[in-house]
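A lone chain, given as structure tokens: the form predicted alone.
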Amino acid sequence: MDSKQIEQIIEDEGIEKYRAEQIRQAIFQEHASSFNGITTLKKDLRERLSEKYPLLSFELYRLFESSDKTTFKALLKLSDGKIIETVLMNPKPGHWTTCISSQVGCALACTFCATGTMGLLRNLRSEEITDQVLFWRQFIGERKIAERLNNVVYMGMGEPFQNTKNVFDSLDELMNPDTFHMGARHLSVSTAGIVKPIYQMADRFPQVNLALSLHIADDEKRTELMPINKAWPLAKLAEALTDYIEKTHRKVFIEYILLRDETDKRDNAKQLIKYLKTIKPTHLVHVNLIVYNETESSHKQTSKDHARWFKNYLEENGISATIRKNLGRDIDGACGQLVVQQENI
């Protein structure tokens, strides 16, 4: 459900226009799960709308909860029967973040990512993207596990910048003061490195956070891990990120996955430092180090001690870095694990 659909329902059903605000308030602020729960509407109207218009563009297929109750993963069945995944995480007390999908599957075939094994089935519509946020808002309200959802990250299934129109439309909706009313700085978009939308995002959404999945600073090896690098090599990415920083004056986040004996060696760290210093100003570049979550690929996980060494080495050489806290491993909800078995789709 989004602002456009509410306007269409008001028009199609001949409802008084002032009712639109009552509906928006109930759905987006009070987290009603159906029109039947909007008590400001007359009973017969509630029943009619509830029968005709579901508030979500999908239904819950399965829900998983981590043993420490810091992570929830939902499998959502779309209207055409396809399945997507979305995750709700509690990385620190009082803060809840959702990782949402922008496509069913992914076409990029990054060798370390489970979603890439699916291939691309289709793009998600803007409403299907924002409904993931609405779903978790309803979930938080029903479970009473938090006061609110703090952050939204486009880092689930799919490459957001291969679905730019719907992703950008969904960002507009999430920032719409009449509906989701989220601040731009609470939204983040992660890309594997499609250049043109980086320039577009700098112009259209200068306050939304940008993350680049880099993972290695060597063109030949990056192309092996991420075939997309062949079309948009490292030099092109550096130009786009420098332009982004010049226009927005915002920090850029570099996602770097630590694969044992592949991306975690001293030479890899030196290459990364050299590369990041070509992005100006370098103090606005921050590296998120990710300890790999092993899937069915041949890649192996680096040790936590070695990850700490890698982080310290970057910092000693002037690069800001953190090690991302991996949540939801026991429910396959962590980075690189979002995948749905083909028989479920």
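The first residue of the shown sequence is 1; numbering continues from there. All of these numbers come straight from a predicted model, not from anything done at the bench.
One more form of this protein should be noted, the form predicted in complex with a small molecule, which is absent from this view; the next part is about it.
Peer 1: For the chain seen here without its partner, which of 81 to 89, 135 to 143, 249 to 257, 264 to 272 has a heavy atom within 4.5 Å of the small molecule in the model of the complex?
Peer 2: Result of the contact check: 249 to 257.
Peer 1: Can you pick out, from 290, 287, 55, 276, the residue that has a heavy atom within 4.5 Å of the small molecule in the model of the complex?
Peer 2: Checked against the cut-off, the match is 290.
Peer 1: Just to confirm, with a 4.5 Å cut-off on non-hydrogen atoms, which of 118, 198, 155, 76 contacts the small molecule in the model of the complex?
Peer 2: The residue in contact is 155.
Peer 1: Decide whether residue 320 counts as a contact residue for the small molecule in the model of the complex under a heavy atom distance cut-off of 4.5 Å.
Peer 2: It does not: once the small molecule is placed as it appears in the model of the complex, residue 320 has no heavy atom within 4.5 Å of it.
Peer 1: With the cut-off set at 4.5 Å between non-hydrogen atoms, does residue 149 touch the small molecule in the model of the complex?
Peer 2: Judged by the heavy-atom cut-off of 4.5 Å, residue 149 is well away from the small molecule in the model of the complex.
Peer 1: Does the small molecule get within 4.5 angstroms of any non-hydrogen atom of residue 237 in the model of the complex?
Peer 2: Heavy-atom contact with the small molecule at 4.5 Å: absent for residue 237.
Peer 1: Classify residue 192 as contacting or not contacting the small molecule in the model of the complex by the rule of any non-hydrogen atom within 4.5 angstroms, answering yes or no.
Peer 2: So residue 192 counts as contacting the small molecule.
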